[in-house]
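Single chain ahead, written as structure tokens, the form predicted alone.
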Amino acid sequence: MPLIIYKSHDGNTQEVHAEVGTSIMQAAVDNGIDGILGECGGCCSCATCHCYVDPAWVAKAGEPDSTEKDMLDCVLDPQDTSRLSCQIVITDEMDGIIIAMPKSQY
């Protein structure tokens, strides 16, 4: 199972091994990671799972589709690497990916 490293706004990290095919959001919710709420359950309709993908991992995480881009227009503190974690599906190639949470998610 790939290792996902969640980084809080203050620099603390939590490591989780997650099933391939699970979303970054679901892995966070299942493991009690603060900063990713996922209020819509992963339907890409609330943006409470906003995160920043570490720049070294952006290519592995893929590009947001048009629906996700529309939702990212609504987030606080957007960055170039902003994504909705419900839309990032974990693959074997993501072993070690670093996902940071914005301060506004706490």
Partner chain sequence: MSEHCIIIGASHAAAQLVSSLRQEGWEGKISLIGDEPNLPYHRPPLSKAFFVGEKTEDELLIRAADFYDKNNVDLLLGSRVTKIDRDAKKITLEDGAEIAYTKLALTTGARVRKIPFTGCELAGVFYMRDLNDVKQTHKFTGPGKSAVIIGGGYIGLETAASLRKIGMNVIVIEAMERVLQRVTAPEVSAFYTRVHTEEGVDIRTQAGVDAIVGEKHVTGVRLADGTTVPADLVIIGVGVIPNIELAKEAGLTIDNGIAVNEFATTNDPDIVAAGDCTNHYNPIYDRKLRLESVQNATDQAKIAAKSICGKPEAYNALPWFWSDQYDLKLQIAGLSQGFDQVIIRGNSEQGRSFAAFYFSKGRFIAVDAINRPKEFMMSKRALTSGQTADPLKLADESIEIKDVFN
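Positions refer to the first chain, counted from 1. Note that this is a predicted model, so its numbers are computed, not measured.
The protein also exists as the form predicted in complex with its partner chain; that form is not presented, and the subsequent description refers to it.
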- Message: Taking its partner chain as it sits in the predicted bound form, is residue 59 in contact with it (heavy atom to heavy atom, 4.5 Å or less)?
- Response: no
- Classify residue 54 as contacting or not contacting its partner chain in the predicted bound form by the rule of any non-hydrogen atom within 4.5 angstroms, answering yes or no. no
- Within a 4.5 Å heavy atom cut-off, is residue 31 in contact with its partner chain in the predicted bound form? yes
- Item | Contact label in the predicted bound form: residue 73 to its partner chain, heavy atom within 4.5 Å | yes
- Item | Partner contacts in the predicted bound form for 34 to 48 (non-hydrogen atom within 4.5 angstroms of its partner chain) | 34, 37, 39, 40, 41, 43, 44, 45, 46, 47, 48
